[in-house]
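First, one chain by itself: the form predicted alone, in C-alpha cells.
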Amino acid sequence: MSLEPFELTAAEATIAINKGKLNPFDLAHSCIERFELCERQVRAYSYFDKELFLGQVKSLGSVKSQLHGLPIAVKDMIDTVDMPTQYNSPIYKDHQPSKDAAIVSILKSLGGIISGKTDTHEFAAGGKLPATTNPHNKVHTAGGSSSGSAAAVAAGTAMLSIGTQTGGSVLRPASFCGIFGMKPTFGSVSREGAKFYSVSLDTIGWFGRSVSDLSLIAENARAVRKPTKLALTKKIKNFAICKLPKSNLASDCANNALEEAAKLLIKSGHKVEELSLPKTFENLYQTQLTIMKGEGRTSFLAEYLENFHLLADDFKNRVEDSNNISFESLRDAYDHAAECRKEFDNIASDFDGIVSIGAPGIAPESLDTTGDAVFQRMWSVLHVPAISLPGFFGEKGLPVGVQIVAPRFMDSNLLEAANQASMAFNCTKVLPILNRH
C-alpha cells in the first residue's frame, strides 16, 4: 500500500523530491490536509498560515540541500520574521521579530519550509502551560516544553520540527509521543534568536520519525562535521546500559523498556554491559536545577520590571530568588558540572552509546502537567548529545522511549549507534498517528 506524502519520513521524502517522484507542492498540501484533520484535537501550533506555508513553496528555487521542500515546524520561542513569536506569554502577544533566529535562517537558506510555530510552555520555562495534546491519546500530555514540536511530527503535520532543551524539553516529548528526538552537544548549534532561560544549558534540538530524519538536521545545521553515513545493515556496536540516579522514580513500563532494549541489543549481536556511574554523578540532578534557576533570575528580569502585572508568578519567584540560590552555590554547581563533564567523556569513550531510561513512564493523563525531566537533567547539564528512541509501550498502549548518549561532540557516532539500536528494536521509523479516543 502506497503512503500519502505526509506519512513519509523526512529522509524518504527528500529522496523522492530529489528523484522527481514527489513535488514539494504535493507534500505541502498533504501536510495541510493533515493539519485540517488533526489540529482541532492535537493543538500543536500557536500559529499556522496556509497561504504563507504555500507561498514559501512557490518561492523555492533549485535544490540546495536535503531539506529542500520539507515542511519544518518551529517552537514558538524561536524568532521568525514572517510569523509571530509570542513565547506563549501575554507580554508578547502578536510580537513580530525583525529577523529570523539563526536556526530558522539556516533552514530557509537550505530550502526548508517553515510550516508554522508550535506551542510551548510560557518562555519554554514554566508559567502558562501549552494546550497541546498527545496524538496517541488526547487526554494525555505531549510532554514539554517542546510540546507542539513533538506533537506536530507525531501527528504528521510536519516532516521535522525544531525545539529546545534546558532540562528535558526535547527528549521527554519525544518519548511521550513515540517519535525520535535529538539534543545535540551544547554549543554545536547557534541559539541566536531563541529566548534564553539558562545560558549554560539551553540547546536547540529537533524531532523526526527516524534516525535518518535526525541526521538531516544534524548535518545541515553543522552539528556534525561531515555527512553521517547510516548503515543499512547491522554493524556491531558496543553499548552500555546505565542505571541513572533517582531510578526509583521510574515506573514498571520504563524499567521494562530498558530491560527489553538490553535484550534486543544482545539478541542482535551487539556488545552490551552494565554501567554504574561514580557517586560524584548522584547530585547532577540538583546541579542542573541550581544552574537553571540561578540563571533564570536574570533571564526574566526585564519582563519583571517592565510587565510585572502580566508576568506569571512562576517567573516572579525566580527573579525574586524564592529558591535562595546564592552566588556561592551557583559557582559550586558550575564547578561540579565541569568536573563531571570531563569524567563522563572519559567513561563514555569506551562505548558507542550509553542507553538509559527515557522518561519516568508514559505521558501523564493530564494537560495540567507535562511530566518530569528527572531522567534528562543529567544529560543536559553534562552537555552531551542525546537521542530518544521509540519502540516500546506501556499502559494503554502508550509509547515510552529509551535514550542513548555519547561523549560531547561525538554526535555523528551517536547517530550511527542510535541507527543500529533502532534496527535492533525493530523500530527504524514510525508512522504519523491520530487516535480519536
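As the structure is a prediction and not an experimental result, all values here were calculated from the model. Position 1 is the first residue in the sequence shown; the rest follow in order.
There is also a form predicted in complex with another copy of the chain; it is not shown, and the following applies to it.
Contact here is defined as any heavy atom lying within 4.5 Å of another copy of the chain in the predicted complex, and by that definition each of Gln96, Ser105 and Gly187 is a contact residue.
Proximity to another copy of the chain in the predicted complex, taken as heavy atoms within 4.5 Å, picks out 322-330 from the listed stretches 363-371, 208-216, 322-330, 157-165. Under a 4.5 angstroms non-hydrogen atom cutoff, another copy of the chain in the predicted complex lacks Asp313 among its neighbouring residues. Taking the partner from the other structure, another copy of the chain in the predicted complex has a heavy atom within 4.5 Å of a heavy atom of Phe409. Although the partner is absent here, Tyr87 lies within 4.5 Å of another copy of the chain in the predicted complex, judged by heavy atoms. In the predicted complex, Ala223 approaches another copy of the chain with a heavy atom inside 4.5 Å. For the candidate set Ile236, Ala231, Val199, Ile266, a heavy atom within 4.5 Å of another copy of the chain in the predicted complex is found for exactly one residue, namely Val199. Think of it this way: in the predicted complex, another copy of the chain has a heavy atom of just one of Lys195, His270, Lys117, His140 within 4.5 Å, and the residue is Lys195.
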